[in-house]
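Let's start with one chain on its own, the form predicted alone, as structure tokens.
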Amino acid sequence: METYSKIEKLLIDINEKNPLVHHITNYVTTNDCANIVLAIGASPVMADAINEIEDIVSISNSLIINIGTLNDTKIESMIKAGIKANKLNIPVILDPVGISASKYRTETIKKLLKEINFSVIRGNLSEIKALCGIDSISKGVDSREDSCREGEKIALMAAKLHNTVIAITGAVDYISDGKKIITLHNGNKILTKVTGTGCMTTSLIGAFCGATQDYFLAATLGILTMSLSGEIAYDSLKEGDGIGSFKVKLMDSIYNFSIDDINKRGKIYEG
């Protein structure tokens, strides 16, 4: 399959190019996101001070905007950074964390979408439905599982509406650019027991976006890396191990991630 050969090349390229991934993210998962980027072969920078934001964007290969912990000053930095990245043709990735949990978050996303062109938007099904103006019950960052058919429909709809790559993560993952779609059936429920695995997945997508102009491929590989590494980490747990041990093993699995893991375990369906 052509997708597998492209994935293998991107896994090589990210280590050779070592892209710099600029995060304007939430303080809950900053350290984990930085370490996950290092583990996959890229370099993180976490900077949101408005006085330096354009300088940092200018030396970066991709920009991640995550609305998990918001304030007015950070929003100004997000907009300034996104506009600068657009001017420099640097990919911008959006994580609309808990978009419908408050009016403040909803209005912030509207403002960001108006000012910035995003290369990829990653969220759970509830968050992406909200981006399409579809009412969806959302409890913070929790994902409500719907049918596979609905997931595909929402991914395609959102990609067309916002003219970007949409990545929906959950029990089944969906990636679409508005024309084609890939569904992924990997992962393990224990990933939901560790805070920030969604944010870390966005960081992986941002890392791969920094090494290629194929953002559909980057989103696919970012999600695969997290879901397959979660499976591998879970399978390596010993009796008595808990989520602390799992988190360490997850980081190890991402550090050691290879095309062999995808060939052996990947459940990739192209539509």
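So that there is no doubt, residue numbering starts at 1 and follows the sequence shown. These numbers were taken from a predicted model, which means no experiment stands behind them.
The same protein has a further form, the form predicted in complex with another copy of the chain, not shown here; the description that follows concerns it.
(message) Within 4.5 Å, heavy atoms only, one stretch in 83-91, 99-107, 115-123, 156-164 touches another copy of the chain in the predicted complex. Which?
(response) Looking at the partner contacts, the answer comes out as 99-107.
(message) Against another copy of the chain in the predicted complex, would K9 count as a contact residue? Criterion: heavy atoms within 4.5 Å.
(response) It does not: once another copy of the chain is placed as it appears in the predicted complex, K9 has no heavy atom within 4.5 Å of it.
(request) Consider L70 of the chain shown here, and say whether it contacts another copy of the chain in the predicted complex, taking contact as heavy atoms within 4.5 Å. (result) Taking the distances in the predicted complex, the answer for L70 is yes, it comes within 4.5 Å of another copy of the chain.
(request) Report yes if any heavy atom of S245 sits within 4.5 Å of a heavy atom of another copy of the chain in the predicted complex; otherwise report no. (result) Although another copy of the chain is absent here, S245 would touch it in the predicted complex, with heavy atoms inside 4.5 Å.
(request) Please check if I190 has a heavy atom lying within 4.5 Å of any heavy atom of another copy of the chain in the predicted complex. (result) Contact check for I190: yes, within 4.5 Å of another copy of the chain in the predicted complex.
(request) Report the residue, out of A211, A39, I223, A233, that has at least one non-hydrogen atom within 4.5 angstroms of another copy of the chain in the predicted complex. (result) Residue within 4.5 Å of the partner: A39.
(message) On the criterion of a non-hydrogen atom at 4.5 angstroms or closer, are S43, A49 and G240 all touching another copy of the chain in the predicted complex?
(response) Yes, each of S43, A49 and G240 comes within 4.5 Å of another copy of the chain in the predicted complex.
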